[in-house]
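In structure tokens, one chain follows: the form predicted alone.
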């Protein structure tokens, strides 16, 4: 089966994005800012429709596209907290949220996500859905605090876990600069899939997604 043709066909079946999201996606591509891929958008939209989360946490705001996407397709009174640490993207995200988050449902927190989620866990905050889309090498460092923040029955959605196929390779087959991320992502996926508190599926959607449901506290 031709994977590229299959993906193109599936993408052709999708409904068009709202105009403002389409414009943001085009701007992100032009600036080479990574955003969620079309297949991930479709998967996320279906998941939001099924789960209907009222409290969402996102790790990795970038320019605010995925936060605005989740706002568009989550329940009308759902709140979204998103974390970003890179100043130029924070500035762009704030501009986009000010323009498009008209009912102020999205809260952008500036700072290192590892430190922010640790502080949140200490405050006993909780979320129905947590979307991991920040620095991939940091997923494992947030594992325990993210787990504390997720409600029973909540969903942990981890993006880009296949690392463009590198995750399938031996650490010696990937470039030296990518070996740390490779090792940390493998450790993250192993913990997720062997943690008795989660039911996890790793799916080849877009660049790979781990879908985990929190079964118990």
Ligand SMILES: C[S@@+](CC[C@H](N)C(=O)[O-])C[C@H]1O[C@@H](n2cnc3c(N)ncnc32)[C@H](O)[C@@H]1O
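From a predicted model like this one, the values you see are computed outputs, not experimental measurements. Positions refer to the first chain, counted from 1.
Keep in mind the form predicted in complex with the named molecule is missing from the figure; the text below concerns it.
Taking 130, 97, 113, 80 one by one, only a single residue has any non-hydrogen atom within 4.5 Å of the named molecule in the predicted complex, and it is 113. None of 55, 157, 35, 39 but one reaches within 4.5 angstroms of the named molecule in the predicted complex through a heavy atom, and that residue is 35.
In the predicted complex, the named molecule sits within 4.5 Å of a heavy atom of residue 89.
When the named molecule is considered in the predicted complex, residue 126 lies well away from it, no heavy atom lying within 4.5 Å. At the 4.5 Å threshold, heavy atoms of residue 48 stay clear of the named molecule in the predicted complex, well away from it. Though the partner is left out of this view, residue 149 does not reach within 4.5 Å of the named molecule in the predicted complex, counting heavy atoms only. Contacts between 54-84 and the named molecule, taken as any heavy atom within 4.5 Å in the predicted complex, involve 58, 60, 61, 62, 65, 66, 83, 84.
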